[in-house]
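Only one chain is shown below, in structure tokens, and it's the form predicted alone.
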């Protein structure tokens, strides 16, 4: 029967590191990364006593590198073992600090991910990283003084808010007045006879003023749409759909939210109706219409809405 054996140095194995590695570890303890210059001019990091390309002794010129660096390659660890340095998914990465010509193999911590998770999309060669050191009092002059490398901050989310007053002009003011009454108004062009909603006071095709008012229905057809995955205070949920809706009686589609069904079920040609807020919540604003919802009518064939895309 096989017998398990173990070789262990209970007090630890002590050896001298020499002047080159010793300089590297001393600088590491002080929170700096240094390499050594080879006779060829290359900066070797971590430092070695000999140039790995030709075996010649390195110079005594030490060069501070980093602290930022670039990931050259990596291996993702989705299921860490008890012996691994982190208890959550991480990567082993070859990181080349700025100013160095060689790379170091170390831990790359990309943040909190569930065990078994796939590597994040941002983890790829070229990712910019920098070391995360242990607290100064805990450093002892070995490679674990760097807890891990982690991505540099390249994106932030900053709260932003801009308040402004909009003077609508005569045409838009009239349109909003209609919406405040539960009516959707458009203008008919005297030349092409097309009805534009919202009314603009000018036909964008013929360039002539428009004054003839036309009330259109609050039902219409989805001509095209987009599925949005970023939160919007007006939307019921994420993902939500913003669509161009061609109202019955109009010749120009207007942008509106579409809800009342899963986002992946919205389709071109779908018939919809405006869902109005309760009357007591109305004001002079298009948001009197909460969104458009599907109605039980057959879809409109594509060739009938193609020119309104």
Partner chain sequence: MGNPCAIIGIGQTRYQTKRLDVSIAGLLREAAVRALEDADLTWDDIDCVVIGKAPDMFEGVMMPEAYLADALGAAGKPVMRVHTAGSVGGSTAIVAASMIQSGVHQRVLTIAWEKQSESNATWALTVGGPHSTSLVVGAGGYFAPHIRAYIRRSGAPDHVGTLVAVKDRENALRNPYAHLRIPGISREMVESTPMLWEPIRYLETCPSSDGACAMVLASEDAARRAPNKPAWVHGTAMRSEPIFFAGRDTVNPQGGKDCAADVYRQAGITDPRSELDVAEVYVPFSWYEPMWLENLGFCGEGEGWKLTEAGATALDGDIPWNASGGVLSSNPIGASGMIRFAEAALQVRGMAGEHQVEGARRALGHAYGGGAQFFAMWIVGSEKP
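Residue numbers count along the first chain shown, from 1. Here the structure is a predicted model, which means the values were calculated and not measured.
Beyond what is shown, the protein has a form predicted in complex with the partner chain; the following relates to that form.
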Heavy atom within 4.5 Å of the partner chain in the predicted bound form - residue from 94, 172, 77, 214: 172
Of the options 72, 177, 87, 232, which one has a non-hydrogen atom that comes within 4.5 Å of the partner chain in the predicted bound form? 232
Listed range touching the partner chain, judged in the predicted bound form by heavy atoms within 4.5 Å, from 125 to 133, 160 to 168, 104 to 112, 140 to 148: 160 to 168
Please determine whether residue 65 contacts the partner chain in the predicted bound form, using a 4.5 Å cut-off between heavy atoms. no
I'd like to know if residue 257 sits close to the partner chain in the predicted bound form, meaning any non-hydrogen atom pair within 4.5 angstroms. yes
With heavy atoms only and a cut-off of 4.5 Å, decide whether residue 237 touches the partner chain in the predicted bound form. no
Would you please decide whether residue 219 lies within 4.5 angstroms of the partner chain in the predicted bound form, comparing each non-hydrogen atom pair? no
Using the arrangement in the predicted bound form, list in sequence order the residues of 198 to 218 with any heavy atom within 4.5 angstroms of the partner chain. 198, 204, 205
